[in-house]
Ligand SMILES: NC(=O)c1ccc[n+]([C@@H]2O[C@H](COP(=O)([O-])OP(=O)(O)OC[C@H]3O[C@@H](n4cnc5c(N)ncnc54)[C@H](O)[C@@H]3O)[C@@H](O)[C@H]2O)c1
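Okay, so here's just one chain, in structure tokens, the form predicted on its own.
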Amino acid sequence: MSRRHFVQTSALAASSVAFSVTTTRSYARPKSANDKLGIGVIGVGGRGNSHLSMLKRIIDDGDNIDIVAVCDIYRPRLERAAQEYHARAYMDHNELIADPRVDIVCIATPDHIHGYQAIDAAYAGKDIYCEKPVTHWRQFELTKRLAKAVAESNCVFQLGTQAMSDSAWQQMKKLVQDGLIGQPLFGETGFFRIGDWGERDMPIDDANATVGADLLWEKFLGDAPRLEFNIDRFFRWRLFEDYAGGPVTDLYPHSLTQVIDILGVGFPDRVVALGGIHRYDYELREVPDTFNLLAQYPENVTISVLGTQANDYNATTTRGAGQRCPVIRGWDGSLSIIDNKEILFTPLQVRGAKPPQRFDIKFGEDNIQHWRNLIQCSRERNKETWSPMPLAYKTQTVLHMAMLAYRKKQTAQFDHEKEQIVLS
């Protein structure tokens, strides 16, 4: 048996053991607007604790929500969070989802776990805040299953692309819909920053941690290849391709999501990608630090996402740490951001062109408001959140295609009829 066949077979076998996606669909009945909403957080590492802190601020501001449960497969981390937030502690995410006090599930686990837990939550009738990326780069079929689960259920879904809380993108979308730039043509964006602190600097809670009742290694592996316990893989999982993808999946959801939404495109025809480890070349790192992709759409629209973790210079305005503001081009002109305060419409320099225009940006990105948007939608049973599942599906498909094209050095094509990715 070849190593590749062994890894694929083992991963498939493991997925049936480590994850049992709920098949009983018990969609919960919505609460009234005056009822308190209970929130359970799955994964209480760095990002999970950030969510807990934000939720505590929302509670302190008087919103009628409560942190009722937390879950983690590493007991010391779990017990700290449970004690600090006076929440019930679970080591199995299915037990948290089954808790009748939980109305909204926040998923802040490693990338390759998101999709399974979100499907379980959707079919259990829970609303969902899922960290990006919505699934791992090799899990396109799981992304399809999740999109179907959210569509079939009554659940309200918000992807953790908090940049979507920025009114600039909502305003630009409306301007495109109103025809200001004419026929959409091109969207360019990117993410440039310096440093690999998002991967190498992930903290190791306990260098002497071992597998057992306090650390559930098999649960961590999920559908990834079966490997012996490794302290770096468990605590610094963003370094490894089995669990993460580098900037294309960790950072680009923050830049690409709004461009797809502004342009109103569907799934791409083709995606090509180039990149590699160009600066942070050390023993453990497997994921690229530089990644560039082009996506061509049937609407005759092209989107480019360029970026590196090796240089933080941005020739255009940025909103956030390295997140390049998009430029949206059409037949009649372009939209861009100036001074982080205004949207600028620049017409084509031709006779009869529209006049230049400026539009004040109403408000900027705010992760707490992103949470408030989900909470409000949960109360109203409104599935149109700022970053809903249909948009997450379209965005993640591009990222799937880009990573596969990069790794195989091929072009990724999308079969729209069969809804499949084909490499050539």
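Start at 1 and count along the sequence shown; that's the residue number. Predicted, not measured: the structure shown is a model, and the values here were computed from it.
There is another form of this protein, the form predicted in complex with this ligand, and it is not shown here; the text below is about that form.
Peer 1: Any idea which of 300-308, 137-145, 114-122, 182-190 reaches within 4.5 Å of this ligand in the predicted complex, heavy atoms considered?
Peer 2: Partner-contacting stretch among the options: 114-122.
Peer 1: My question is simply whether residue 272 lines the interface with this ligand in the predicted complex - judged by any non-hydrogen atom within 4.5 Å.
Peer 2: It does not: once this ligand is placed as it appears in the predicted complex, residue 272 has no heavy atom within 4.5 Å of it.
Peer 1: I'd like to check something about residue 74: if you look in the predicted complex, is any of its heavy atoms closer than or equal to 4.5 Å to a heavy atom of this ligand?
Peer 2: Residue-level check for residue 74: yes, a contact with this ligand.
Peer 1: Check whether residue 47 has any heavy atom within 4.5 Å of a heavy atom of this ligand in the predicted complex, and answer yes or no.
Peer 2: Although this ligand is absent here, residue 47 would touch it in the predicted complex, with heavy atoms inside 4.5 Å.
Peer 1: Please check if residue 43 has a heavy atom lying within 4.5 Å of any heavy atom of this ligand in the predicted complex.
Peer 2: Output for residue 43 is yes: heavy atoms within 4.5 Å of this ligand.
Peer 1: Work out which of 108, 87, 149, 104 lies within 4.5 Å of this ligand in the predicted complex, going by heavy atoms.
Peer 2: Comparing distances to this ligand in the predicted complex, the residue within 4.5 Å is 108.
Peer 1: Heavy atom within 4.5 Å of this ligand in the predicted complex: which of 285, 173, 319, 219?
Peer 2: Exactly one residue meets the criterion: 219.
Peer 1: So, 133, 234 and 238: all three within 4.5 Å of this ligand in the predicted complex by heavy atoms, or not?
Peer 2: Answer is yes for this spot.
Peer 1: Which of the residues spanning 248-283 lie within 4.5 Å of this ligand in the predicted complex, based on heavy atoms?
Peer 2: In sequence order, 250, 254 come within 4.5 Å of the partner.
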